[in-house]
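Have a look below at one chain only, the form predicted alone, in structure tokens format.
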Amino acid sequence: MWPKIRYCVGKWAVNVSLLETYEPGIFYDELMLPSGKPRAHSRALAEHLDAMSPTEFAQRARLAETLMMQQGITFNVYGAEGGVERAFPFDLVPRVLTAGEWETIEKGLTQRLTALNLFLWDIYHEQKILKDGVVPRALVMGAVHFRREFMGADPPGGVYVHICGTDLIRDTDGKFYVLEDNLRTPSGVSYMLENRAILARVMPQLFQDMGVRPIADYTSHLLHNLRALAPAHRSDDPTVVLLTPGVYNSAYYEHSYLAQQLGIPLVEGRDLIVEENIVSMKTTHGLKRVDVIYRRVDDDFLDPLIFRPDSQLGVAGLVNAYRAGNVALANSIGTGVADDKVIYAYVPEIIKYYLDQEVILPNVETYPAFEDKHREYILDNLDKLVVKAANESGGYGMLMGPQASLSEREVFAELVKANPRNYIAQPLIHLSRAPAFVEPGHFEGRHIDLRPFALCDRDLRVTIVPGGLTRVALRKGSYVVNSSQGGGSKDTWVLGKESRNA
């Protein structure tokens, strides 16, 4: 069905179509229908791609890679050979969402983040949802990231989560499902912004043709929200800083990028000091009071006087300064209890309890191992399930049952039996696929997910820029999209309602 493009290799004229050999397969393909025709909203993209020769596309891909390297777009891998810093792989074929699909995602994420903030306020105060038996008390009290030290504390506006990155997947039925919530220090927004900037340079005509909605105002929304968190008497011209663990953290590139884009200082714990519950930053002109901290340091390392005493990353006295209302933190302390993978199983009930609404974006079917009937099912079906530890991330602490060996499944069976509270299991979801460019010059389907980034202000209003980080499992057949496990990324295009392609 695709027009053949003639180009020359040496003295030979060759007829080639980039998409001619592309196979949508049995999965939901983001670009193509099972018939091999492009989806209506992606037709302009498919025609544009197919008008390029493999050589031209490869040249553009190499240009994009060069731009990524020149701008230092990297991530760190703990324990990697040959140094910890790597260039972040970027696939040039964008993933396209319609205005209608995005509207559902936006409503669903707003509903979810609103309910989770209400849940966090409740469990650190009256604990009504636990008294009513909607969420088992033992799960919350036994959560690794539940902070008893923070009971009764009042974050500005009662809001705990100001920045959220929720992972969405699409199954073979084409519906979106929530895979997990990231409510502590979610990463990846810098790659979303940089992917867009690079693709706009490498394929500028496509943006005009397809009516892609912009995402560039993410940082202005974020800065506005952060400044609004400042204590009332400091709100005229608050000082906002970004607190990083330092250069060896896996997301250090993102920390430095965001600080630069926000126009705020990037600081480490040693750059801050607390005196009489006031946080100050050390500068060449002396101490300068700090009002808001966008912290990318986990709770455990945030304040050695309250949490881990051996931490060199945090600031002694910071928690008391926060509790006194003299400095604001984004995100607040203790948010990790709400992205515990076992608590995730109860989010639909949490939404119903606080908002009296049915969930808009459903969870993946989940079996918490702490319940006897679910644990027995998990142990009997390890070869069919994906098993996850409650608080691991980055693709660690996970068993892909259908792809695992017998010995690997036996190891996980013992882990589940030893600590049922720490594990859930889910059926293997056949993640949707999108074309990825494979050298020397063709497209192959690769599995993807989507992490949009939601911002919540102190009045519980949610803003979500139309896009997100589409992560790609670049290894053929792999379902693991995490960058630490060989994953890359794509730009995510959300079409405007007025687009002729929507």
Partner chain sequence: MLSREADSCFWIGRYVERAEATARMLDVHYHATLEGVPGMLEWESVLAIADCAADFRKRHDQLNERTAIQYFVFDTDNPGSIVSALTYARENARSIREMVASEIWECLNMIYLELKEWDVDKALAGTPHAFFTKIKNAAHLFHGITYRTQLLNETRDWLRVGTFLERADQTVRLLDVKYHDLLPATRAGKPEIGGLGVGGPADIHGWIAVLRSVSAFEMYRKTHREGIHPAGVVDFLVLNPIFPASVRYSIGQTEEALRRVSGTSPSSPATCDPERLVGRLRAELNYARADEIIVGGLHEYLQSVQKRCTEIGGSITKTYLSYQ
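Residue numbers count along the first chain shown, from 1. Please read all numbers here as calculations on a predicted model, not as lab measurements.
Only in words, not in the display: the form predicted in complex with its partner chain, which the text now covers.
Chemist: Please pick, from P362, G325, G72, G100, the one residue with any non-hydrogen atom lying within 4.5 angstroms of its partner chain in the predicted complex.
Modeler: When its partner chain is considered in the predicted complex, the option within 4.5 Å is G72.
Chemist: Heavy atom within 4.5 Å of its partner chain in the predicted complex: which of R421, K282, R137, K175?
Modeler: Contact check passes for K282.
Chemist: Where, among 180-188, 381-389, 325-333, 267-275, do residues come within 4.5 Å of its partner chain in the predicted complex by heavy atom distance?
Modeler: Going through the listed ranges, the match is 267-275.
Chemist: According to a 4.5 angstroms non-hydrogen atom cut-off, is G152 in contact with its partner chain in the predicted complex?
Modeler: No, G152 is distant from the partner.
Chemist: Looking in the predicted complex, any heavy atom of Y294 within 4.5 Å of its partner chain?
Modeler: Result no; Y294 lies far from its partner chain in the predicted complex.
Chemist: Although its partner chain is absent from this view, report whether T366 comes within 4.5 Å of it in the predicted complex, heavy atoms only.
Modeler: T366 lies outside the contact set for its partner chain.
Chemist: Using heavy atoms and a 4.5 Å limit, would one call F301 a contact residue for its partner chain in the predicted complex?
Modeler: Heavy-atom contact with its partner chain at 4.5 Å: absent for F301.
Chemist: What residues of 162-178, in sequence order, lie within 4.5 Å of its partner chain in the predicted complex by heavy atom?
Modeler: The stretch does not touch the partner at all.
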